[in-house]
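Presented as structure tokens, the chain that follows is alone, the form predicted alone.
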Amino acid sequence: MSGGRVITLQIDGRDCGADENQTILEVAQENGIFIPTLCHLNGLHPVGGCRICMVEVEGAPRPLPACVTHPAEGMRVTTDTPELRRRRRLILELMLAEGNHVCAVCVVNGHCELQELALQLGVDHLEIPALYPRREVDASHPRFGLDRNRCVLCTRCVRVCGEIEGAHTWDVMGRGLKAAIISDLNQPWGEAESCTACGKCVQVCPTGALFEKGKATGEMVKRHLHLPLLTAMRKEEEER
């Protein structure tokens, strides 16, 4: 709970108590109700960018992202319908088609959130044409690498760098298919003076786009369970 008014809503027919400042995703997770996510990560500010967590709210004209939608008294939410599953699979297929996601040669094969999501949603092939873009790989950093071909623009790296580390090294440049993650106003990562080489961006990346050098295929495991603790510690320092 976050100190707001206590309300009651229904998620998948189950009565749930909630703080009005929570999100539908937080309430669902507290009550053991699964909603798939990708750009969302506990401990980082939600942005509702990927739309994988869409849910149906009675009376709403279209599905809403659960990670940035707040509950209301008497709200009725449905998290799993044939239409929601169709939309989630389409979004995931578009992500896969816009990049180069060849799991067999990826350092996070078997530990990839995008791969796990494809398994959950039953996406085992693409029904839309793949673009196979040729995007730049930035290997200029001495410890880490950036393969933009595997990036899904979830902006977790941007948020963890700004919100937790406070370095603001990462940002997004361009729009549509030309959008890309950049460091220090589009300088090579190894020349980015603001980067502290903490590696938090690498650990929160859901795919193999950000990786540690020296790891073999399927060898790299991402660790981000410490984020809620770091967020709480940073908030306490700011409130002193």
Partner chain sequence: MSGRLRVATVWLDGCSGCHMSFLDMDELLLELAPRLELAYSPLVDRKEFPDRVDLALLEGAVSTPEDEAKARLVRAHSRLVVALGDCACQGNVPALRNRLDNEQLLDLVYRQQADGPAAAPPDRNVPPLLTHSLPLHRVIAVDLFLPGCPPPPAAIVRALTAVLDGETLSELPTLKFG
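The shown structure was predicted, so the numbers you read here are calculated from the model rather than taken from an experiment. Positions refer to the first chain, counted from 1.
As for the form predicted together with the partner chain, it is not shown, yet the points below apply to it.
Interface membership of Thr155, the partner chain in the predicted bound form, 4.5 Å heavy atom rule
Flag for Thr155 set to no.
How about His168: is it within 4.5 Å of the partner chain in the predicted bound form, going by heavy atoms?
Outside the cut-off, so no.
With the cut-off set at 4.5 Å between non-hydrogen atoms, does Arg87 touch the partner chain in the predicted bound form?
Although the partner chain is absent here, Arg87 would stay clear of it in the predicted bound form, with no heavy atoms inside 4.5 Å.
Evaluate Pro82 for contact with the partner chain in the predicted bound form, applying a 4.5 angstroms cut-off between non-hydrogen atoms, and reply yes or no.
It does not: once the partner chain is placed as it appears in the predicted bound form, Pro82 has no heavy atom within 4.5 Å of it.
Location of the partner chain contact in the predicted bound form, chosen stretch of 159-167, 69-77, 138-146, 124-132 [non-hydrogen atom, 4.5 Å]
Checking each option against the 4.5 Å cut-off leaves 124-132.
Since the partner is left out here, which residues of 93-112 would have a heavy atom within 4.5 Å of the partner chain in the predicted bound form?
Read in sequence order, the residues that approach the partner chain (within 4.5 Å, in the predicted bound form) are Asn100, His101, Val102, Cys103, Ala104, Val105, Asn109.
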